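Here you get one chain, nothing else, as structure tokens; it is the form predicted on its own.
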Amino acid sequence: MHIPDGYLGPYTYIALWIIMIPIWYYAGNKLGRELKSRQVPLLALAAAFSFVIMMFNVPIPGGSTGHAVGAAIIGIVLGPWAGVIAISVALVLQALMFGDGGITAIAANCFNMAVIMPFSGYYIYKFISGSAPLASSRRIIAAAVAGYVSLALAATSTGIMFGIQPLLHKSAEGVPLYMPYSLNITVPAMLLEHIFGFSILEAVITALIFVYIQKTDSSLLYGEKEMAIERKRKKGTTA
């Protein structure tokens, strides 16, 4: 899903820079206030993990690539705002060091993979898992579904960004100046490759890492320690 330079016109990539700058600013401030010293190494590890997993790119017809991201599990473990920072760092380094994703498209790529994925992944996981015990298989299923759906949503967003370009940027003769394909081509091209391939991989990776954390130290999961304390407090009050 790394969008190269030249596929998005200025209306799109400038708008996404305007959207992403305050998101990065808020995420940085939020982490500065809330990130615990124990979690700092995990944040660095999450960025490195996402960087490595996204290097295994497979070209997709239309100008983009398909790959796993690891954003859902980062959102589940460290929280969605930490996911914004970790994955954005990985995407910026990939663009600058390897040309994997365009410089003008950094904000677009970050919106798709560093915002849509960790936030959708985290809230899908929370919705499906509900109040199930931390050691339950329901939590594993919730994590897997979160990984699958979050990547499919990011792929859909990428397809929409591509598909609106012929509507926004045309020459005087009506020829598209950037991505030439319309939504009825770009969205299926992105979505089908992911729902039948890369989203399954994302689901498997998310579930495997979740199982490991579940068995070793489930208190690492975002918000679970605070929720456990709150549940104990409520029980004590009721008693």
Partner chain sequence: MIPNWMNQADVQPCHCSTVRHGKKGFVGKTIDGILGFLDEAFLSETFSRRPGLLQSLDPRAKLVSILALIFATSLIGDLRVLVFIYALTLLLSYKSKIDIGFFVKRVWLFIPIFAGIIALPMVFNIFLPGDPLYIVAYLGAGAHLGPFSLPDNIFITRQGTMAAIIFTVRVAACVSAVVLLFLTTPQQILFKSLRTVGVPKIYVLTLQMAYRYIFLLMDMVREMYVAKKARTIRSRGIMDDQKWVGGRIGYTLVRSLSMSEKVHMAMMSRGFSGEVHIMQEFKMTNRDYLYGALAISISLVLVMISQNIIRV
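As the structure is a computational prediction, the values presented were derived from the model and not from experiment. Residue numbers count along the first chain shown, from 1.
Beyond the structure shown, there is the form predicted together with the partner chain, which is absent from this document and is the topic of what follows.
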Answer for V77 alone: is it within 4.5 Å of the partner chain in the predicted bound form, judged on heavy atom distances?
-> yes
Report whether the minimum heavy atom distance between L42 and the partner chain in the predicted bound form is within 4.5 Å.
-> yes
Any non-hydrogen atom of I103 within 4.5 angstroms of the partner chain in the predicted bound form | yes
Decide whether L208 counts as a contact residue for the partner chain in the predicted bound form under a heavy atom distance cut-off of 4.5 Å.
-> yes
134-142, 147-155, 110-118, 92-100: which one contacts the partner chain in the predicted bound form at 4.5 Å, heavy atom to heavy atom?
-> 92-100
Though the partner is not shown here, which residues of 147-162 have a heavy atom within 4.5 Å of the partner chain in the predicted bound form?
-> none
